[in-house]
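Take a look at this one chain, the form predicted on its own, written out in structure tokens.
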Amino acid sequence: MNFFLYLKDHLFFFLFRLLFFVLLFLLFFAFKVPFDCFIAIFILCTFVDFFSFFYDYFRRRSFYKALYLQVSKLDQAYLVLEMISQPEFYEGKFLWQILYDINKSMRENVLGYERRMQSYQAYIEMWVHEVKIPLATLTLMVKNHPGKFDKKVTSELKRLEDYVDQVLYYARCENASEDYLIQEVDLAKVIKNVGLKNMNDLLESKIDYLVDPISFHVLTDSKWLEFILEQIINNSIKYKRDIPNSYIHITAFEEENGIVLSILDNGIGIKASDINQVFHKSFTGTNGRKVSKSTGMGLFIAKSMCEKLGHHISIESKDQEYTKVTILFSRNQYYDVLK
């Protein structure tokens, strides 16, 4: 709270007080009151005025300074009233009550919003599970009657199932639902499950699924990690080059910070102008405009889920040569101690 600005704000009071003393002097002069009496009254009133002014300034300054410091320190500024005490002066109490009412209204609105989002998420999850029933039935019918259906039908059913899963995980991830269980997971098993699930697409696209021997266990949620890897593998399949030796090479190694999982493909790569935006929501880039199946959501959801799980995902690529996605599973010393 700036003293000179506060003084400027009270300039009218001092001008009014000066006018009062001028009128008082003229009145004393008219009634021939001794000048010493006027001086005594002037000094006494001035002393009282300045004492009141500085007292009022410092108690206001104390409150507003505490309010400003708490707001600047808090990540969630609306909690500031929990950190400061109610002031003693009326104007401060009035402001404190206004802030309290605003905060209360905001919390009620947030609570209502959370309820609506929870209801929306529950509906999406229910819808996904309901949709999966006819999808599973159709998939089973196609597998039981291989001669009646074209391979394209199987491919489109798989694609539809992937999009349905994408909706489900996006809803859970965006609403910060704690629908995950962190535990030790066999990395090789997760990679194997992803390969089996995408086997038909890999065979149809003539892409070799190469996996080095992996014996690492990482702290993650196996279901979420499978989905993350599926988004990466689907991108590798979608953006393959028309060459005879296409491959996806998966390996893992240990470094000082933790376990690193690497997924490398020799597809069409990513242009340098797009590489910094591939994790952005709905970004399709140059390659996405060439492929009608691109939605720009896969890598965005993968990154969001990695952040929820405490993993770090990064990507590097060279146009028309390769794309490499790495996921770092950081060490968890707390878990080691508990073991």
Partner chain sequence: MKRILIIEDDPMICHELKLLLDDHGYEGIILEDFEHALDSILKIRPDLILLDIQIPYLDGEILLQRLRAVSNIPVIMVTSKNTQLDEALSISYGADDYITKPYVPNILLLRIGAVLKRMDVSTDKIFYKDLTFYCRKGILANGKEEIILTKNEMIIFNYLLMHPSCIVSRDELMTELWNNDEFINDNALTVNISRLRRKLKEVGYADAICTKKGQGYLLL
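Quantities reported herein were computed from a predicted structural model and do not represent experimental measurements. C-alpha atoms forming the largest set that superposes within 1.5 Å between two forms make up the rigid core. Numbering follows the first chain given and starts at 1.
Another form exists, predicted together with the partner chain; not displayed. Remarks below refer to it.
Not displayed here, the partner chain is approached by residue 223 to within 4.5 Å at the level of heavy atoms in the predicted complex.
Mapping the unseen interface onto this chain, residue 145 counts among the residues with a heavy atom inside 4.5 Å of the partner chain in the predicted complex. For residue 172, a non-hydrogen atom is located within 4.5 Å of the partner chain in the predicted complex, even though that partner is not displayed. Under a 4.5 angstroms non-hydrogen atom cutoff, the partner chain in the predicted complex lacks residue 121 among its neighbouring residues.
Although the partner is absent from the chain shown here, 140, 199 and 202 each have a heavy atom within 4.5 Å of the partner chain in the predicted complex. In plain terms, the part of the chain that comes close to the partner chain in the predicted complex, with a heavy atom within 4.5 Å, is 132 to 140 out of 132 to 140, 80 to 88, 260 to 268, 102 to 110. Only one of 168, 219, 237, 95 lies close to the partner chain in the predicted complex, with a heavy atom inside 4.5 Å, and it is 168.
Site annotation in the predicted complex: the residue of 116, 73, 241, 192 reaching within 4.5 Å of the partner chain with a heavy atom is 192. Core-superposed comparison between the shown form and the other one: the C-alpha position of residue 213 differs by less than 2 Å. After superposition on the rigid core, the Cα of residue 147 moves by 2 Å or more between the shown form and the other one.
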